[in-house]
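Quick setup: the structure tokens below cover two forms of a single protein chain, split into structure 1 and structure 2.
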Structure 1
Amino acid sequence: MNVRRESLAGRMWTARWSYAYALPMLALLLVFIVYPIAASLGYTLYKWNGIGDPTDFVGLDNFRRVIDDSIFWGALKHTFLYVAIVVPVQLFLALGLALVLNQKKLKFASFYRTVFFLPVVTSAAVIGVVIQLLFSNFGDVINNILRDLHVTHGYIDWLGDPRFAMGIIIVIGIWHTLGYNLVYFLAGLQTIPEDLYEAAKLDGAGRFASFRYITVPMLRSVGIVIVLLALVGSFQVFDMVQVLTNGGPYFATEVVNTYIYHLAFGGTGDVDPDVGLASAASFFYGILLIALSVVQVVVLRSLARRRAAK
């Protein structure tokens, strides 16, 4: 072909409009995503409260301080607990609901879809206000019901009690973002050709057999993406914790992102903001997550290889 013999400059000139079309995206990416990441990597080497320019060079001391901080490890534990419960429960519920709503004969399916998607379109600010009002102002009602049922005797301050706060955040977390997974699964189910099910029916396959031998394998690749998105989102949980408990009481619900936020902007009490320490914590966490995703990819690959070998 002629094209291959053309010089690089020539090919670039031919594709000049392609560059022009990609340019705005590249500019936004470099200025608002790549540059800030590079800049905050620089901050990790300084003790800096975020005002003026960083001058107090401390080397890798910030990383050492993060590793020595028990609150950081507590926050990491809470984040893993959140992910370990929210992701499986949410995906299980979302897949079940998607299978129900995907039935062709089901009427009002789009109405039900809207109902279960509602929390997704609701801002964390609104949810925070409403849930706090429900629990802190009317926790009495729930308390009275529990007392009448002889489940408890005594007053429970739901969001202010370390034993319950994290559980409530997990439940609200499942409720808040289930809708995304629901529509992802619905979209995935739509890509499965209808004639596969028709053919299976003709061959006498029941509902369960169709699910096991058509739906599951056809959803596998989409499913992996959905799991990844759910994991990424849950590991970055922030606003729901921030509006509901602000990491309290006594750091009982502090997750990694609220921990970083409190370091960067000054937290509860008289803690001074320390942007260097916050950036170090953020990078350390990022490295942990990247290491985890590498392990995950290796495991998935070996599973796929074993399956292929069968």
Structure 2
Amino acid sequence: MNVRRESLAGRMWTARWSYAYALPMLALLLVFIVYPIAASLGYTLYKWNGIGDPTDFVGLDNFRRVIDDSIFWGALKHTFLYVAIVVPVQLFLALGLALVLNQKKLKFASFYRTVFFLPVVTSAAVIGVVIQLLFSNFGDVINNILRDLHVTHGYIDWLGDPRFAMGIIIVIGIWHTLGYNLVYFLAGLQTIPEDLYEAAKLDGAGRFASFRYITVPMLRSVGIVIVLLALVGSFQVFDMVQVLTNGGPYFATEVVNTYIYHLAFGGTGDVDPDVGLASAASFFYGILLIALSVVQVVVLRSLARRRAAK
């Protein structure tokens, strides 16, 4: 039986409306993402404060300065620490909450879903200002509560102490974007046929067995996407750090994105703006993340092949 294979042009013509619908997003992607990245590549070779045309050619010296800068590596360490804690904790909490909120017998489930999703639609800048007031000298609310509960005895500058500042940002980061993963997991859970759980129940499977042998395998493909989105979102941490601590105290909460921002627009103290150096830091950070992504893909494919071979 001869099967006529359609040419690539023919398949594209068949799906022409799909391409037409994707064109506006593609145009925005090219204008606001691809073009700025390509344009900034040239700036990495100049020392430039962002005013006028760049004329002070320095070659690859900007990359060398970034690699030799201990503050950059400290910021990279803080970024990975943030990702390493926020992603697994947030996914664990989101999955647990999704399992609870997916129960049909739960009353006011829509209300609870709204409550947990509210922080996502709230501006990070607004949240940062409110949290700063709660922890700062002006409000001192948290210190008063802890003193009343006899947890602490003296005043603690939570956001001004390097021992606590990063931890507070991590906790707020987990709370702020938890709703995204909660909604994703809820959507994934609602695609699992109820018949599977009923059949498992008839076979004597308990809740844990149903979770292990039905929920986890059925959520695997959705879960990989959720993990990737959570990783991408966490690596973009910026606004909460900028509003709460501005990378301080003493660079204790400096992440790569605030580091790049401070290079481009001038940081605290006598740091002059240098768009070329900031562009070099951005590209170097991008290369590191691409390398990490390649390793991640290789590991996932290796695990998939091993699983398929069993």
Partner chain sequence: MSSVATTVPPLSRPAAPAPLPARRRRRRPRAAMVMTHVALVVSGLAWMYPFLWTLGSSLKGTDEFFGRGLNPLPSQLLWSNYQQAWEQASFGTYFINTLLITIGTCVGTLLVTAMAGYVLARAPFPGRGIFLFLISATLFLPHGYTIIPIFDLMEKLGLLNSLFSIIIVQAAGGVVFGTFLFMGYFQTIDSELEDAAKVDGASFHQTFWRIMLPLSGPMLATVGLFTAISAWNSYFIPLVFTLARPEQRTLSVGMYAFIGENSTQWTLLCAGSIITLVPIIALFVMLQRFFVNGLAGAIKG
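If you superpose the two forms and keep the largest set of C-alpha atoms that fall within 1.5 Å, you have the rigid core. By convention here, residues take numbers in order along the sequence of structure 1, the first being 1. Nothing here was measured: the structure is a model prediction, and the numbers come from that model.
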{"query": "Chain form predicted together with its partner chain, by structure number", "finding": "1"}
{"query": "Core-aligned C-alpha movement of residue 26 between the two structures, 2 Å or more", "finding": "yes"}
{"query": "Threshold 2 Å Cα movement between the two structures for residue 16, core superposed", "finding": "yes"}
{"query": "Rigid-core frame, C-alpha of residue 146, shift of 2 angstroms or more between the two structures", "finding": "yes"}
